[in-house]
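Only one chain is shown below, in structure tokens, and it's the form predicted alone.
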Amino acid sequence: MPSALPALADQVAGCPTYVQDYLAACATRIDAEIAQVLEAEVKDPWLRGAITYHFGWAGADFVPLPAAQRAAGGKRLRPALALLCYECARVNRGGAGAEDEIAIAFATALELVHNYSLIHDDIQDRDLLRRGRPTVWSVYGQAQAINVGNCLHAAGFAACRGRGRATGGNVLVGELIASLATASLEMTWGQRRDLMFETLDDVTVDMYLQMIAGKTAALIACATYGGALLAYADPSAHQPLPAYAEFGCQLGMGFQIRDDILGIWGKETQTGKARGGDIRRRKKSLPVLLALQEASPGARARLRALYAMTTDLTSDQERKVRSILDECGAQALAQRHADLHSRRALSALARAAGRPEARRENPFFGALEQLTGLATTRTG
């Protein structure tokens, strides 16, 4: 791993503070890679400028911001998972695997594709804030924001091939690109259903879980699978790869459920998004679906009536929804689901990492355990 990222093997495995430090170092490295990809691949200065605004590196006028004034650019969870799974699997294989540069290239591609989806989601959900700043579409208009998102998506695939620097071989790069394309298709499938659910009255918990498996979990599963794939290098040696993919899928499910909780009860200063937006848009998020199952008959009828409206809810109506959710303990019920997927993720990770003695000797396994807990209990 390049020296810009700290060596987990030199740290005490399972230290939450260190995992946070690793995430910060990973974000710095990936952001540097993104900047190089944009410089090499995005020839239009306006598109490059709008992308740097989205990442919090520049103001709306594209003037670069001093480091101290740069906005928080997201968690970089997907790149970190890809790199940690790569290293975890490499330790299990005794250090063999593809070159580090292709792992960095793949991690960078994941973050670019993720951010394309964020820009398009903000347009579709009419969100005005992202990471505490006005969203791209609210600054530059919907049409140009679509272009910015499309540009990031294409740049992600360009990054995946390593800009000519990757040495992992055509077969591996091809498999990474194919897995990224599949994840992109599943994300689109999930997002379509998420939007469709806003006007459906009979959405079930099972339908919701299928939706988030595409919308959120698909790209996270791509990260964990792809990172491990690079460690095995030989495409025929795929025995642990399904377990790594399942780890990412279950982690992604828990991550999205926690996101739903924060969308209702999170603090704007921590989430960077306007509080209550999911309720006002009548999103069929998991807490709402659980309330429709568990609330008293009268409360359930009131909640159904509010969510049957064809316009965004008012502030007073939002308070009524919150009251119903709180009365039936919807937040705790939803967190139980997040915890369940967290446990399933850890079980899959244990299968992927091998025998108990091998897991104990692998510091990256401990880091992935800690990261799973952080992802499904976070406050922002």
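Worth saying up front: this structure is predicted, and the values here are computed from it rather than measured. Note that residue numbering follows the sequence shown and begins at 1.
Beyond what is shown, the protein has a form predicted together with another copy of the chain; the following relates to that form.
(message) Only one of these stretches, 171 to 179, 241 to 249, 84 to 92, 288 to 296, has heavy atoms within 4.5 Å of another copy of the chain in the model of the complex; which one is it?
(response) This holds for exactly one stretch, 171 to 179.
(message) Against another copy of the chain in the model of the complex, would residue 41 count as a contact residue? Criterion: heavy atoms within 4.5 Å.
(response) The answer is yes: residue 41 has a heavy atom within 4.5 Å of another copy of the chain.
(message) Given that another copy of the chain is not shown alongside this chain, does residue 304 nevertheless sit within 4.5 Å of it in the model of the complex, heavy atom to heavy atom?
(response) No, residue 304 is distant from the partner.
(message) Whether residue 157 contacts another copy of the chain in the model of the complex should be assessed with a 4.5 Å heavy atom distance threshold; does it?
(response) Close contact exists here: in the model of the complex, residue 157 approaches another copy of the chain to within 4.5 Å, heavy atoms only.
(message) If we define contact as a non-hydrogen atom of the residue within 4.5 angstroms of the partner, is residue 267 a contact of another copy of the chain in the model of the complex?
(response) Judged by the heavy-atom cut-off of 4.5 Å, residue 267 is well away from another copy of the chain in the model of the complex.
(request) Counting non-hydrogen atoms within 4.5 angstroms of another copy of the chain in the model of the complex, say which of 203, 139, 262, 123 makes the cut. (result) By the 4.5 Å heavy-atom cutoff, the listed residue in contact is 123.
(request) Only one of 153, 300, 131, 280 comes within 4.5 Å of another copy of the chain in the model of the complex by heavy atoms, so just point that one out. (result) Filtering the options by heavy-atom distance leaves 153.
(message) If the criterion is a non-hydrogen atom within 4.5 angstroms, does every one of 275, 308 and 341 touch another copy of the chain in the model of the complex?
(response) No, because 275, 308 and 341 lack any heavy atom that approaches another copy of the chain to within 4.5 Å in the model of the complex.
(request) Just give me the residues of 195 to 227, first to last, that have a heavy atom within 4.5 Å of another copy of the chain in the model of the complex. (result) The stretch 195 to 227, when checked against another copy of the chain in the model of the complex, contributes 195, 196 at the 4.5 Å heavy-atom cut-off.
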